[in-house]
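Starting off, we have a lone chain in the form predicted alone, written out as structure tokens.
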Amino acid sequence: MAATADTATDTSTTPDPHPISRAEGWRRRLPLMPAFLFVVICTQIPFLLTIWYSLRSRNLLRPEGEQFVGLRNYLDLAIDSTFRTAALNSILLTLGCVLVSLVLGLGLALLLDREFVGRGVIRTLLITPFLIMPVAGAMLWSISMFDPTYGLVNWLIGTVGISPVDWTSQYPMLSIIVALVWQWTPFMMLLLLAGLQSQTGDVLEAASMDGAGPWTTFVHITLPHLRFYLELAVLLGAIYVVNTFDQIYLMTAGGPGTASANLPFYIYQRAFLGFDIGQSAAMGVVTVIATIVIATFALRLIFTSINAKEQS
């Protein structure tokens, strides 16, 4: 027994008979270096410069007054009521768009996950809004749909006796959320439809044979199976929607006043209209850090869901 234990110990401590030399390791990494350098140049260096500018008082209208101010720009953000309004608008836009798009996308995915005549054509038509450029979609909703005089929405509500509404002025946040939901619902639908089609029919057939109704099957079998796809849809949708700029710029211009301005649009105003590079850089750093924190938390949830699914 002792000899056997010694043999096992010797085997476990035996070095790899085919070690990879340092030169071989670098030879394998070399094809990835152009992509790595491209990412560093395009993302990390600009972010480091943004951090540097955020620590300085820099206004393009007063270049002679540039100086190092440390964290003063960040402290000023804490008392900036417009910044807090823009942050709240970003949260409302993101939550409103992602949640409504997720529910509508799930409903459409359930409808498309069955055989019927013309299903391919219907799928193509439903995907179309996601393929339209955001600028074109914003102009479509601003002019063709929400125009107070010639808009289709006012024409529809006029048929039932409701007075015309200037949607982008009276309900700016609602108008933007509607346009974003129209654009992002097809994306949610595609992800969830992929999840539905990955579900094996044997499980659903067994549930039906056990007497489970459609609602019970959906709640206890389909939804748990879709958990990964739902979390992925929320994560990707939130990352993209929080950076919304086109719809706000073209539909409401952040107005009335700053009522519909989100963080990217407010950063644009401070940088390109107010020429305050220091303040806008500080806001950009705060926005990026907040996005990274939320994305990291969401990714942990997704990986936890994947590990639980693999273990089961």
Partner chain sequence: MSTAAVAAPARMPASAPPRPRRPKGQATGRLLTVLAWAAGLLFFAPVAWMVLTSFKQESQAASSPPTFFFTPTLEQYTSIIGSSGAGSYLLNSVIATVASTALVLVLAVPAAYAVSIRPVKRTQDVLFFFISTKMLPIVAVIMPIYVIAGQIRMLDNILTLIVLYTAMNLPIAVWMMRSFFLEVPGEVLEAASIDGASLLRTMRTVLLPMVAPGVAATALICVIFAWNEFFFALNLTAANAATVPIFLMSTMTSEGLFLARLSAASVLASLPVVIAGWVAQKQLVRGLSMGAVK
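Computed from a predicted model, the values in this text were never measured in an experiment. Positions refer to the first chain, counted from 1.
In what follows, reference is made to the form predicted together with the partner chain, a form of this protein that is not presented.
> All three of Leu32, Ile132 and Phe187 touching the partner chain in the predicted bound form at 4.5 Å, heavy atom to heavy atom?
Replying inline: Affirmative, all three are within 4.5 Å.
> Ok, Thr200, Thr216, Thr149, Ser163: which has a heavy atom sitting within 4.5 Å of the partner chain in the predicted bound form?
Replying inline: Going through each option in turn, the one that passes is Thr149.
> Between the options Leu99, Ala207, Ile122, Met173, which residue brings a heavy atom to within 4.5 Å of the partner chain in the predicted bound form?
Replying inline: Only one listed residue qualifies here, and that residue is Ile122.
> Hey, in the predicted bound form, does Thr128 get a heavy atom within 4.5 angstroms of the partner chain?
Replying inline: Within the cut-off, so yes.
>> I'd like to check something about Ser144: if you look in the predicted bound form, is any of its heavy atoms closer than or equal to 4.5 Å to a heavy atom of the partner chain?
In response: Because a heavy atom of Ser144 falls inside 4.5 Å of the partner chain in the predicted bound form, the answer is yes.
> Does Arg84 make contact with the partner chain in the predicted bound form, using a 4.5 Å heavy atom cut-off?
Replying inline: It does not: once the partner chain is placed as it appears in the predicted bound form, Arg84 has no heavy atom within 4.5 Å of it.
>> Taking the partner chain as it sits in the predicted bound form, is Pro264 in contact with it (heavy atom to heavy atom, 4.5 Å or less)?
In response: Residue-level check for Pro264: yes, a contact with the partner chain.
> Of 84-92, 68-76, 165-173, 110-118, which is the one stretch near the partner chain in the predicted bound form, taking non-hydrogen atoms within 4.5 angstroms as near?
Replying inline: Partner-contacting stretch among the options: 110-118.
>> With the partner left out here, which residues of 227-258 have a non-hydrogen atom within 4.5 Å of the partner chain in the predicted bound form?
In response: If the 4.5 Å heavy-atom criterion is applied to the partner chain in the predicted bound form, 227-258 yields Phe228, Tyr229, Leu232, Leu235, Leu236, Ile239, Tyr240, Asn243, Phe245, Asp246, Tyr249, Leu250.
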